[in-house]
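Shown here is one chain on its own, the form predicted on its own, set out as C-alpha cells.
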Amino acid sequence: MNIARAELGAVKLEELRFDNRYGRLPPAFYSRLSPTPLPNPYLVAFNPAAADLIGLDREEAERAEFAEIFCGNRLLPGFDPLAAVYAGHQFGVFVPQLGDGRAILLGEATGALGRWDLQLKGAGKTPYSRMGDGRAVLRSSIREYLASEAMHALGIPTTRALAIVGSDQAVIRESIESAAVLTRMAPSHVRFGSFELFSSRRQHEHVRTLADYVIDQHCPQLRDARDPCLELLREVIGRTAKLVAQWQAVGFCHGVMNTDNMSILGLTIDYGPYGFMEGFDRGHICNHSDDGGRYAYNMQPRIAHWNLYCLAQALLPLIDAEEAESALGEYEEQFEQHYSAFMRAKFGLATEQAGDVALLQDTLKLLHDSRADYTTFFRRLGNFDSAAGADNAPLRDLFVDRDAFAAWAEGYRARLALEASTDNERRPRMDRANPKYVLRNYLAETAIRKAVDERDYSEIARLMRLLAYPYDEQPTMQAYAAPAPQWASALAVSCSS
C-alpha cells in the first residue's frame, strides 16, 4: 500500500487512539495485569515504518517518555493491558495450557492503516509464565526485530516491530544477559492454540465466541456464508498454505512450528530459533533444540498441514467432520500451486510446462549435493547466459561437480527456449523474485555482539536499512550478500533464542 507519510497523519504519544476488542471477550480468554516495571530503560532501536502504521510522529521516539511507555513503565490513556491464554501442541505433544508467559497486549492502536495490536514482549511475569521470569533478553529481541521487518520487505506476512527498549537488568539464560522489551505489532495475535485451549476443556461456547470474534473482526466477508466457521477453516488453510510456500521459496526456516506459534491470520509469528537457508540442505534444522528434526526445512509444509488438522479438531464442535476433512484435503494442492508459482518466478519462467517439476527437483538436488548457497544461486541465476556454449562461471563456481552443473545448465537453457525467453527481458523479473540480501545468522549475530558488548546499536539500524530493500543491488552494501564467514559455522540458535 503506497500512501504518502503526509496522508497518514502524525500524532503525539498522548494522542494515540486505543481500543481492545480482544479485551471485551469473556474473562476466560485472558488475565488483566500491568507490565512489571523495567529499571532505567533506554531506547535501543526504533522503526519509523512501523510508527507510520499507527500514525505516530517519528520524532516522538526522541522523547524520554518513549522508552518508559514501550517497556511498560508508563501506561497511556486507553491502554488495557492483558495476557492471553492458549494451549498448543509443542513438538507434537499437547500442552493443555500455555499463554503469554512474557508478553502483554496493551491494546489496539488505530490509525489510517487500520488497527494494530501493540504487544510488549518481555514485559514481566504473567499467570502463564510457567516458572519463567517473564523477561526477554536483548539478543533475542534484536533477532525478532530484524527478522520481522526483513520478512515484511520480502513480501511475507508477518508481525511487525516498533521498537526495542533495553535495560541493564540482569536476566539468566545459558549465561547472564541484559533485559529488553520488544514492541510487537500485528492485526491479531490469535493462534491455533487459542482454539485448542477451549476445545480441550469442552468449553464449546468459547470456541464459538472466538470463531465469531475472528470472523467479525478479521474476515467479515465470511459472515454471510452458509457455514461461516467452516469457511474460516478454509480461509486459514489457504493463508497457511501460501505462507509456508513463501517460506520454502525464500529458504526461511521457522524452527518452532508449534500450534501455539501458528497465526490464525497466516502471519509469521514468534521468531525464536529461525534461520535463512545458506548452504542448501533439504533437511536443514535451524533449531539446535530440535533433536529429531521435526521442524526441519523439508518438514515445514507437512507440519503446517498437521497443525491445521489440530485446528480443525478444535473447531469440530462448530463444523461437520466430513466437511472439515474435505477442506483439509485442499491444503496440499494449494501449497503446491503457490510454491510452484513462486519457484517459476525465481527461475524466470513466464509459462507452466510439463517438465517444470523435474527441473525444480534437479535444481534442488544439485544445490543439496554441493551445499551451494541458496540465496546466492538464485540471485546469480538472473544473470544466466542462455547462449549455447556459455559457461556461466559465476553460477558454475558454486558447485563442486562441474559436469553435473553443465548438464543442469543445458536442461535449463532448453527450458528457457521453450518460451522464447530472452536474457534482457528475464533478468529484471528474476531480480524482483530473488532477493540479494536476507538476514543471515552471522549478520544478526554481528549486530547483537556490537549491541551487547559495546552498546553500539548502529549495526541494527544499518541492517534495517539494508533489509528494507532486499531485491535492490545497493552497491555500497555488497559485503552483506556474502555467505557466512568461517567463524559463523559455530553459531547455533535454540528455543532460548
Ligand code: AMP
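A quick note: this is a predicted structure, and the numbers were derived from the prediction, not measured. So that there is no doubt, residue numbering starts at 1 and follows the sequence shown.
Form predicted together with the ligand: not shown, discussed below.
Engineer: Spell it out for me: taking the ligand in the model of the complex, does every residue among Gln90, Arg102 and Arg173 have a heavy atom no farther than 4.5 Å from it?
Structural biologist: Every residue of the spot touches the ligand in the model of the complex.
Engineer: Quick check for you: of 218-226, 258-266, 199-207, 332-340, which stretch puts a non-hydrogen atom within 4.5 Å of the ligand in the model of the complex?
Structural biologist: This holds for exactly one stretch, 258-266.
Engineer: Mark Asp212 yes when one of its heavy atoms lies within 4.5 Å of a heavy atom of the ligand in the model of the complex, and no otherwise.
Structural biologist: Asp212: no contact with the ligand in the model of the complex.
Engineer: Is it the case that Asp117, even though its partner is missing from this view, gets within 4.5 Å of the ligand in the model of the complex, heavy atoms only?
Structural biologist: It does not: once the ligand is placed as it appears in the model of the complex, Asp117 has no heavy atom within 4.5 Å of it.
Engineer: Do Leu98 and the ligand share at least one heavy atom pair within 4.5 Å in the model of the complex?
Structural biologist: Leu98: contacts the ligand in the model of the complex.
Engineer: Hey, in the model of the complex, is Pro301 touching the ligand, heavy atoms inside 4.5 Å?
Structural biologist: Heavy-atom contact with the ligand at 4.5 Å: absent for Pro301.
Engineer: Which residue among Gly134, Pro81, Gly275, Gly382 has a heavy atom within 4.5 angstroms of the ligand in the model of the complex?
Structural biologist: Of the candidates Gly134, Pro81, Gly275, Gly382, Gly134 is the one lying within 4.5 Å of the ligand in the model of the complex.
Engineer: Can you work out which of Ser386, Gln313, Thr110, Ser129 has a heavy atom no more than 4.5 Å from the ligand in the model of the complex?
Structural biologist: Of Ser386, Gln313, Thr110, Ser129, the residue with a heavy atom within 4.5 Å of the ligand in the model of the complex is Ser129.
Engineer: Residue by residue through 262-296, tell me which have a non-hydrogen atom within 4.5 angstroms of the ligand in the model of the complex.
Structural biologist: Read in sequence order, the lone residue that approaches the ligand (within 4.5 Å, in the model of the complex) is Asp270.
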